[in-house]
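Below you will find one chain, with nothing else, as structure tokens; this is the form predicted on its own, and questions on how it binds or moves follow later.
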Amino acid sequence: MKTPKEIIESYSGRSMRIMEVCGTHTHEIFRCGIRKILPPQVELISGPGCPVCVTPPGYIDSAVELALKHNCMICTFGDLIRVPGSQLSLAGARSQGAKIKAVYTPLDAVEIAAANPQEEVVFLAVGFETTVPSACLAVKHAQMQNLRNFSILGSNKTMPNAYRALGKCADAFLYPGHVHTIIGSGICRELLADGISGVVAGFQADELLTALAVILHHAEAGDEPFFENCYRRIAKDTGNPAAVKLIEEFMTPCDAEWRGLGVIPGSGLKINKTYENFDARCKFNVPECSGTPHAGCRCGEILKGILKPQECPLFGKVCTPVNPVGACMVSHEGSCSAYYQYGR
């Protein structure tokens, strides 16, 4: 019986474009040197699976407005601080006196609000299905403590409709294992009806090799479309019912803007009417901002797999990890960051 590595190296089938939806997959594939063993007709392309990367500039503009105009203390994951808005990043706002604080979890922001009742504390809730339950828990804990000075500015994304929007960009997806640990693999089977193929993959080298080997095995056999769950030890078919129930209690689906991809219908989550007093947009009457990205940045094409990072004219020149122009270079999960670190 062939090993996954042998299956990959001996593949003689049709050309395949395989999209690594998850930024962690992109970095791990680079780190382990997996690209070096791929046959020439197999191409790995990076997708939109980095929450920082797909956060649109208008969302950053709204956060900057809350910080500078409404004097809110902004709590956020560290990567988001350097993501460019239309004019300022949060780091730029901090240089103008804004209160910007990096936290590890949404519950840290709740604790900060409880300890500082004189401050309006806003947590920037970005991320996919994996981080949404923790944002819901933060709202739940704030409600239990009757905190009137805590709210969240939401930009949470969900993957199913993003898969549909990107279906023509790739021949198969490496589905992110952590997302499907929450929502289960049922959606992947539903996508077969749309002609979308893919495999749920783990994050270790052997798991990624196995997932790629399975994709190429199906491609060589002429299976079209196909799906397998190669992360069964963690990602169950039913997902995590408790996490899904928590999301359904506090959130409601909505259309969402993705940086570079535009508005994808039904691909976002926002706080529902019952808990809208914890929604910073409602609380401070902050409208949705239509931000403008840097004119030369090609993040949009990179997130859709149309361009490789090194094909952006700014890559490695104007745009570097020290001086990022685009969100894909800021995040430690970003594809530009991965190509800069490993792929040059």
Partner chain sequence: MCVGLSARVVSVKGGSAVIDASGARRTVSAELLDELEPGDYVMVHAGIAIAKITNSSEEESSQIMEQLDEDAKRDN
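Numbering follows the first chain given and starts at 1. None of the values given here were measured: they were computed from a predicted structure.
Although it is not shown, the form predicted together with its partner chain is what the next lines describe.
For Phe173, no non-hydrogen atom is located within 4.5 Å of its partner chain in the model of the complex, even though that partner is not displayed. Though the partner is left out of this view, Gly198 does not reach within 4.5 Å of its partner chain in the model of the complex, counting heavy atoms only. Using a 4.5 angstroms limit between non-hydrogen atoms, Cys254 is distant from its partner chain in the model of the complex. Of the heavy atoms in Arg189, none are within 4.5 Å of its partner chain in the model of the complex. The contact with its partner chain in the model of the complex, taken as any heavy atom within 4.5 Å, belongs to His217 out of Lys270, His217, Lys99, Arg164. Interface residue among Phe77, Trp258, Phe250, Phe226, judged by heavy atoms within 4.5 Å of its partner chain in the model of the complex: Phe77. Segments offered: 67 to 75, 122 to 130, 146 to 154, 262 to 270. Contacting its partner chain in the model of the complex at heavy atom distances within 4.5 Å is 122 to 130. Looking at its partner chain in the model of the complex, residues Val110, Ala115 and Ala142 place no heavy atom within 4.5 Å of it. Contacts of stretch 206 to 238 with its partner chain in the model of the complex, defined by any heavy atom lying within 4.5 Å, are made by Asp206, Glu207, Thr210, Ala213, Val214, His217, Ala221, Asn229, Cys230, Tyr231, Arg232, Arg233, Ile234, Lys236, listed in sequence order.
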